[in-house]
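One chain comes next, on its own, written as structure tokens: the form predicted alone.
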Amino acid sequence: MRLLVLALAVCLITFLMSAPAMAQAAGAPDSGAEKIAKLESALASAQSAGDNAWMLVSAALVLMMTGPGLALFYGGLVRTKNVLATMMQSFFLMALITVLWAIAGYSLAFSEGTPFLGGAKYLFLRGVGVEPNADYAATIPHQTFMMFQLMFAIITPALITGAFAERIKFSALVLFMCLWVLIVYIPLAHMVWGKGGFLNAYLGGRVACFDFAGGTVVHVSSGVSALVCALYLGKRHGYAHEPMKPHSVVLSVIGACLLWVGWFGFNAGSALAASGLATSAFVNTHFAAAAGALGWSAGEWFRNGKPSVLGAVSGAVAGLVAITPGSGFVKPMPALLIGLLAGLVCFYMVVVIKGKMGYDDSLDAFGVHGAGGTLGALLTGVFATNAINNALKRPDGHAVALGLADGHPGQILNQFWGVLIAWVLAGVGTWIILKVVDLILGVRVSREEEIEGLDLTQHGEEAYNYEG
């Protein structure tokens, strides 16, 4: 019996060993080179699938930053009679900017054109399909990249609404935002991120300004525009004479927490791949937010004797803003420092400078985004290092020195030019747009409408029903 079993085993082994040779003789199996090629194809497909999954999630996270994140954060900070109107501004922009982006916005920002504005190649999303655009992201569909960039275009104008909360006509808001995106946001996005853009460090720009996820494009532009809007519209009736306390700090805390979580998509997603660079940006984002919360709380504790909840969440947002341009360029410890400085500087801007200048930036869009974005963009020039981001190469294949940390102090000047261009474009462009909208529609509601509240006068609704 044992001999029979042994004989059967020998026959089976012989058959298994001879099967590949028999199949090869029949022309079925692949050669070694073909097997390697198929393996490489499978790996590339897996990488593409993983990158695309991460980018779709990141796009969703960035959209969550606008609604519900920003809508709740801003909505909780206004008075009860204006909460719906404030939240409506964020929600409506999710729809308005999407349509504008599909028709012309994406093309003007990301197709090749001049150093200051893109061309007409992608109008109505013509040619934007599921095949990758190697200029921007070689492992994800072009449509995925387009959608990710759309979410940035949505939240940026939404940030401005904090400056003129409780006093702008809704019709004026709609026209203003359409013009602002076309005149301010899109040219700046093209200059920094578009192929051939004036400030693009990677795709043929004349000034190599590092902006990983939107320090200049998103935060400086929206923050400076917010200041111009606050100055142009003037103060709310009763400002500095009547209490204008937030109607629900609870809503604002929830909104800030959603912003913190969504910011991982904002910054880590800007790696455009599920890569180690995404991990680095993820870590830096979290560290800076934490340090920002501590910095603002420390400043408030020292000045007022106690830290406030609203101050802590505002500090976290300030840290997130400041790390945005450098999130994919700096190490974790500099990220902590950037966040800490942002918490302290933005606290000073909101509490001291705003009071001395006397402007009514209702929800401190300039103090947090304008000041924090500027600080972060400049500090990126200090701490950027090719140990984190080595995508820029010399002709000999070695990584280019990035910031002062790599022995390249000239990058600070490049960052300054990027910030200056963003300040000028946003400031001048916003003032011109406001003048045009004011002539056509008028930008501010009447005194009576402001006193009654924008929920009723602009939308015919109330946020809370106290009768039941």
Partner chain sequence: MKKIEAIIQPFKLEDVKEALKHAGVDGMTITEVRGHGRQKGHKEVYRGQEYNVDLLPKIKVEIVVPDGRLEETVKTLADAARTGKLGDGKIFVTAVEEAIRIRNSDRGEGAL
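Positions refer to the first chain, counted from 1. Just so it is clear, the model here is predicted, and its values are computed rather than measured.
This next part talks about the form predicted together with the partner chain, which is not shown.
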| item | value |
| --- | --- |
| Partner-proximal stretch of 189-197, 390-398, 244-252, 112-120 relative to the partner chain in the predicted complex, 4.5 angstroms, heavy atom | 244-252 |
| Contact flag, Y348 vs the partner chain in the predicted complex, heavy atom cut 4.5 Å | no |
| Non-hydrogen atom contact L310 with the partner chain in the predicted complex at 4.5 angstroms | yes |
| Exercise: F73 in contact with the partner chain in the predicted complex, heavy atom 4.5 Å | yes |
| Non-hydrogen atom contact L227 with the partner chain in the predicted complex at 4.5 angstroms | no |
| Answer option from S314, T374, S270, T161, heavy atom within 4.5 Å of the partner chain in the predicted complex | S314 |
| Residues of stretch 433-467 in contact with the partner chain in the predicted complex (4.5 Å, non-hydrogen atom) | E448, I451, E452, L456, G460, E461, E462, N465, E467 |
